[in-house]
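First structure 1, then structure 2: two forms of the same chain, each alone, as structure tokens.
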Structure 1
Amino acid sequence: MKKGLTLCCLALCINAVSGIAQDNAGLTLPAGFKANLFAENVGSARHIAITKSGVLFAKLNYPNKEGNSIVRLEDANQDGIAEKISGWGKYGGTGIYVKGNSLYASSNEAIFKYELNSKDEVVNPLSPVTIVSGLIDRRQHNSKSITFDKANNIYVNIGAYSNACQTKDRTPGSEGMKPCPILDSAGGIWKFDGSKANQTYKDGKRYATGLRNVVGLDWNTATNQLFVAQHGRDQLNTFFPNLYTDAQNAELPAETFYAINEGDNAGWPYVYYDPSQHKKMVAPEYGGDGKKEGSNEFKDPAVAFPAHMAPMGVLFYTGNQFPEKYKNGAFISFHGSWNRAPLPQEGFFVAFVPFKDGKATGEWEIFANGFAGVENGVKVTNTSKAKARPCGLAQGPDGSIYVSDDTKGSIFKISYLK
């Protein structure tokens, strides 16, 4: 009887706890934070951007059921939920950025500029200015994520259309090309002038190279520096089963976060970063064996995250709403892995990287978890079973942050309650 009661209490307690979690749109957050769904089913929401008045724009990977690929969401009555929702555009893509009265959006090969009026409505939805076009899109790693410095320069990711620059991509036994010809037009960050129309490769500059695919990037305004999060290479175990076990592949290589200076080379495809040895290792396509250390000409990461979690968004927090420790630190959203299979997948959360004196401390913590919608402690085994996959990040004028999900099209708003 007594046992029964205890069990009953326990069940109630668990219910109460999950009840609270439900209040936070299913997310688990640090004490004092709350979350709610700002919007649902907007489409495959990749990156998001917010104007000074709080209007949110989401760039969709594909046109949604209304046929729009950019969505404008406004919470006019300030209840935390968008009720004025509209959209336009036919091209899929990832990048979106608000700069003054301009809204920039990218397809998988071009960057366009729209004009906003005093109500943050787009004046020219059907006739944007083409800022850059002709960027390589060969399907793999084609997200043209964008960010800006203070001088109105655009930094755009041009991902490598390859896993490890083999002569034949993802083919066992195919050697790595040296030098890797992909790096001439992809596998790096390119810099363009944000105010000049009709630019192509020849007008831009390769700002950093050796970056396989960067979906999340942001300009750290506190230190005036570009930070990028790279998706590390896949499939060490499938191509080199005699060098890497499934369990080793699940932890190799790290997903790396870099503080970038002009001219930097992060080493893809020649090296990968081993997070347990804290070393750059020669890629097996280039003669590596899991033990041979890579050249020091390549950059070391500021933070190394567990393998394959797929960093999608980077946001330096400049608001005043969150507690002091978050100021000028970086939030990074992780889509969740697929290449840890047959081992359980990881990621599906938003991490926080503390900064001290303009430098990442090297530590990181999980900030918001539970996007995948599985019970606490249970792992996602099959990636498509994750209910939501965090992608874009943006900060609102009140200091709340927003997280988009490109699976079901949810937009979460996370605030701190004093």
Structure 2
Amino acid sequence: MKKGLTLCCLALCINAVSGIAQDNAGLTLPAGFKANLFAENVGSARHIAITKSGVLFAKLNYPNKEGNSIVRLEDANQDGIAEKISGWGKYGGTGIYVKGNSLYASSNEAIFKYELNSKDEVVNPLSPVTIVSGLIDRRQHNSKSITFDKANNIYVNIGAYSNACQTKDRTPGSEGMKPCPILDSAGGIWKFDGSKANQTYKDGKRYATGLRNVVGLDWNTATNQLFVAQHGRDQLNTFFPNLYTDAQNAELPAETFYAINEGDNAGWPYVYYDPSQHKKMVAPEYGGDGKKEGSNEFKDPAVAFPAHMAPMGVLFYTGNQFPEKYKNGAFISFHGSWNRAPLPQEGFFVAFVPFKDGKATGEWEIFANGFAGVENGVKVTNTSKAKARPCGLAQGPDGSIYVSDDTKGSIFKISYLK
């Protein structure tokens, strides 16, 4: 699938299926792959992590009906379905990560560490070590997604509590603040020591800036580099109707996937990426008119996806189960859009981005689709009616991948039949 291809064309190629209770758990997959429901109704499962023995941990955005915000799922009899399910914790949030015999989980303002025993059970679930606290939570773009590098450093997203850093947020015609004061403590990726307790902002480092909101991120071990997927800004036409049509608003800006090095600036809020022009454009809040090109000081994306699809998870595939084309490539989950009108809302799938010589090729494809289901024979595009919305991604020890859904609480397992 070519870079810049619009979803109004893409939608014609999608073979949606109904429900999540039929063959392949209701998903459409490439030939040779199968899917099953690993678990259902676990709660608002955001990101997920898996141990070397195959125990899966899910971080819930809100405590579930049992009152737990972290769920442990074990498939003890190896039939592809979790039958041993337990949980703990009372705080919501998104991030979770297994590193050695430690489990890290984040709330919307802190990161905690739990120790695992030889059975991958949490030793003291009610007494985690606080690794970082005091991260900004202003209720907008407040998820604290996390990943690790090889040296045990934590990388955490601190999303911008704004759409475009306007003087009056989300107000028609309001000018942007320059410099944007939000970038001092949000709108980027911060780096912390994963072994050190009780850190705050002053102990960390702003690793990258100019990123409006990153929910999906992963460390590419093949290139030893951080990759992030950004949610692009909203409502160009709503706030600047004299500059953008409804149709342009539906296609702008791209959802962007970046290869990040320390010190990089992706340009939010000053620029956005136009996937049809393949250029960074000056944002209207800062004097842009849809034609004025942005500065080269800001980073170009490795891949540009169609607008408003909400990338939620990033996973670099390092397993051996899938065919060779998937090795060291990136899977990205898309939650589904809400503001692509007058075009149909889109997303609700997992995409695959192939890599060659450590770089994204720019070509991408839909890998797993059909999460949203159909209603009266028509593909569901309303987020409130979707049967499932892909969010977290994780790779199991056998090379299968798992996809979480943070609406109904399903977890899908996708495997390749050799």
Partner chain sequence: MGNKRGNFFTITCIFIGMMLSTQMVNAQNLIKGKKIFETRCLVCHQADGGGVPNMNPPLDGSTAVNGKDIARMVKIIKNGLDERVAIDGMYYNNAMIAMPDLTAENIADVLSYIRNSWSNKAGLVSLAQVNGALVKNKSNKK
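Between two forms, the rigid core is the largest collection of C-alphas that superpose within 1.5 Å. Here the structure is a predicted model, which is why all the values come from computation and not from measurement. All residue numbers here follow the sequence of structure 1, with the first residue given the number 1.
- Form assignment for the chain places structure 1 as the one matching the criterion, namely the form predicted together with the partner chain.
- Core-aligned CA deviation for residue 41 between the two structures: less than 2 Å.
- After superposition on the rigid core, the Cα of residue 380 moves by 2 Å or more between the two structures.
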